[in-house]
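This document contains two forms of one protein chain, each encoded as structure tokens and listed individually as structure 1 and structure 2.
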Structure 1
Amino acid sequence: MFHWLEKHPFFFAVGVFVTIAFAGLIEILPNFAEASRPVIGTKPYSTLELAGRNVYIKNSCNACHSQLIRPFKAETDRYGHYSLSGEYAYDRPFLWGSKRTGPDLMRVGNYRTTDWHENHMKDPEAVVPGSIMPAYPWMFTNKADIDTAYAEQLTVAQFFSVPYNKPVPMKDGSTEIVKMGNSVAEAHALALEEAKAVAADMKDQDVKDAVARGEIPEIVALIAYLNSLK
């Protein structure tokens, strides 16, 4: 049979394809529907948080930071409750990472704060002596891309039914609504409102001034995102 296949390239290729293709189906499909169901308390990202998430991706923070807490005592001691599948329901793409050059950030919003991030992103060594994390000073001047974040919200709402402007159940039985603007201008206004809250806890005068002028530096969006990781 194999000798025959080796003389009939078309059937050979079909044979190879079938052999490699069906494992994928069995491995991936069975869990597909279930894994995408959000657990209670998981909210979609706000416009500003999403813009911050895109800053995170743009700078490949995931090259050094995981967002996956494995169920080990040592890991839950360090980072908090182990990860649950539904907590990632709104993560497109997922950001688990595969290398922990720096610590896991899945729940960093629980144990670091705005002013700490501000100091740390500007100069990690100044806060954590011996840190090998690069400094990201340009984030204090580059402007966050709110338009694209808004386009992303629209996309996931339209194509994947992500519940913006709809009540989302919370752990305490209440509901919350994550707002999404009706237009680009409205999206900007919403993001700015959130940015002001973040900037209020920051020290950098240039950033505060920029936000007061209606601009949103990348660092503000990034910190909003990091604070949302809980």
Structure 2
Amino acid sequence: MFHWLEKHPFFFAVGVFVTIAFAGLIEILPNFAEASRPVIGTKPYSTLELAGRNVYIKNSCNACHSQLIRPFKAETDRYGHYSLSGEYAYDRPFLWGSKRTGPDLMRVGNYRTTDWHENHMKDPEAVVPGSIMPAYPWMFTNKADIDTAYAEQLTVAQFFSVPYNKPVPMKDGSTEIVKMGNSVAEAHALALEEAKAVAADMKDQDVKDAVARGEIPEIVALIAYLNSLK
């Protein structure tokens, strides 16, 4: 059989294609079933969290940190429960990653605090001795792009049926509603309300003053996003 295929490269190519296509279907099809749906406790990003996610991507944080916990004991002991496909239902684009210069951040909201992130972004080595991560001082003065985050919310709500302004089931049996504004002004107001809660746990007075003036520094949006990763 193999000798025959070697003598007929066209049929050999067709056989390879069919085999790869079948394997691809086996890999892809389950993601259209129950496993790919949002798991209990997974909720869409708020305007502020989405703005923070954009800050995360803009500064290439995903180049050094993955967001994908593999189902191995060494992984789950360190990072928590392995990742489930449904937990990425609202991630566009996904930030799984394969290279880890730093630790995986899939569930960083479970074990790091706002205060820790603030100090870590200012001076990583002071928080984690020997860290090679650079500091990001500009995040404390640059303003988060709330307009773009709101535009993304409108897009995904329209085309992907993301449940904004609807009850989302949580793991403790309760429900939460992630609000999306009906206008840019309302989106800014919702983001600022959330930013004030984040800034209240921060020490940087300039950041606190900026939020009090109605401004949202990138660091506040980034921390809101990192705190949502659970």
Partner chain sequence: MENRPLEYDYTVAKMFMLTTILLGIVGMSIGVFIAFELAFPGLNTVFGEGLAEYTNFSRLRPLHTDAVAYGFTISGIFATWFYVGQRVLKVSMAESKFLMFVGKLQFWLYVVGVAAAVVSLFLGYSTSKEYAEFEWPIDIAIVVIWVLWGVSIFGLIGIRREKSLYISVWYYIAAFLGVAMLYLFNNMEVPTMLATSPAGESAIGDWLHSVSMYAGTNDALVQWWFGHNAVAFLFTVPIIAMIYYFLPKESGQAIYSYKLSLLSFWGLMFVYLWAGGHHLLYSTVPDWMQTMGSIFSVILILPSWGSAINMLLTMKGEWQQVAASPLIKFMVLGSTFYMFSTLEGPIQAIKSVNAIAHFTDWIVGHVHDGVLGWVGFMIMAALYHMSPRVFKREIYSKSLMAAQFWIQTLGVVLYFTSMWIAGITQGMMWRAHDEFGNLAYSFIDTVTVLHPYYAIRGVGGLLYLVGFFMFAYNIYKTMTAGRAVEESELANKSPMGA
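These figures come from a predicted structure and were not determined experimentally. When a residue number appears, read it as a position in the sequence of structure 1, where counting begins at 1. Definition used throughout: the rigid core is the maximal C-alpha set that superposes within 1.5 Å between two forms.
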Of these two, which one is the form predicted alone?
2
So that I can tell if A21 moves, could you say whether its C-alpha shifts by at least 2 Å between the two structures after the core superposition?
yes
Rigid core superposed, the C-alpha shift at F12 between the two structures in Å:
15.4
